[in-house]
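Take a look at this one chain, the form predicted alone, written out in structure tokens.
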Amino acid sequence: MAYYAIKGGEEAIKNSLDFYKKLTKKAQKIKDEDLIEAFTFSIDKVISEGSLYSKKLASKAIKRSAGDLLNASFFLRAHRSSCQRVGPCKTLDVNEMRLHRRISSAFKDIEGGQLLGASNDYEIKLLVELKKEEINIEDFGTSSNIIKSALTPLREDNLIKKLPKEKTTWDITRSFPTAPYPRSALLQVMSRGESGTLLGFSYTSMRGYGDVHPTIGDLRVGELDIKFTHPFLKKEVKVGSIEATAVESVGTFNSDENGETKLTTGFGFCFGKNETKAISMSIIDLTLYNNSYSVGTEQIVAADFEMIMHHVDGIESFGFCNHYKLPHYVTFQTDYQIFKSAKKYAKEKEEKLK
């Protein structure tokens, strides 16, 4: 094995950073407010995967990475690791969300009706300008848009399967669990997971390697208040609010822990407007805990706890993938020397046999 000395690396890195700053300097001139308002879905993707609810810092991260959203999430997650932790807030109840958008594909007539809100679901063609027409838009006041999940009536009739409640909620930011993984940890991992990875795994289920066709029981996008117990006054105070997406998907019927047949559901929740991610998360949650009716049962990817827990975090995947760009001279030269030696040995052995 040969040793290859590395010289001049520090100067090369400085030059590389300088080139990068010149390449991306126009991005730094964009105002945070403009970027937050104009690219709201990019901002929301980054705060969700970066696991830090700060749209202003997400804006800075996107500018720093010149629009590379996975890299921006990495910057935000790295910053998060240096933030002081105050403590847990009061448990959020998505039924208390002030809705901006709420749809259900499982029920036509639901309390409050279908609330489409702001969406481009029905706009597809890039180069076609829609006609500007005068439309009477119904005015929704945020105070009147607090509506319970469309599945609440079924839940009140005890028709939905309940999973065993955990005594304590796991916190993956303090310690990562070992198998068997608590559901609270699993949901946290998926909540800050990479959107594309979650979509890919859930798509395997949609294509038939799982519960083949779940239905969206309740999809909601809106604001939730963050409440916290004041450390001195010991009273509950509101410290802010967040925008979030929550989804309950509905699967097939299955037996609960008491042997009763109930309707199965999966849950997804993440920061910001992230509908595809929340839907994917709910499908995986549904498949993981109700695989007995799935094609392939527990052998399918979307029902494999190890696969989900260790492969959906974009920051970890990103870091591991990009570390290959760091010097691996010794590793490669070792493999290369072994290859040459093996080839020489095979050739000598072949000549002896002639």
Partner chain sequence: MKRENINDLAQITELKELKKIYNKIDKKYKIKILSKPTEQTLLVPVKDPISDSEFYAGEVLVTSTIVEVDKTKGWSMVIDSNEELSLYTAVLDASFEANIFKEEIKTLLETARSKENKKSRKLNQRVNSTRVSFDLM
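Numbering follows the first chain given and starts at 1. As the structure is a computational prediction, the values presented were derived from the model and not from experiment.
The same protein also exists as the form predicted in complex with the partner chain; that form is not shown, yet it is the one meant from here on.
The partner chain is not shown here, but in the predicted complex it comes within 4.5 Å of a heavy atom of residue 117. The partner chain in the predicted complex comes within 4.5 Å of a heavy atom belonging to residue 164. Contact check for residue 42: no non-hydrogen atom falls within 4.5 Å of the partner chain in the predicted complex. Taking the partner from elsewhere, residue 83 is found to have a heavy atom lying within 4.5 Å of the partner chain in the predicted complex. Heavy atoms within 4.5 Å of the partner chain in the predicted complex belong, among the stretches 67-75, 254-262, 227-235, 195-203, to residues of 227-235.
Taking 154, 92, 106, 279 one by one, only a single residue has any non-hydrogen atom within 4.5 Å of the partner chain in the predicted complex, and it is 92. Taking the partner chain as positioned in the predicted complex, the residues of 45-64 that bring a heavy atom within 4.5 Å of it are, in sequence order, 51, 52, 53, 54, 55, 56, 57.
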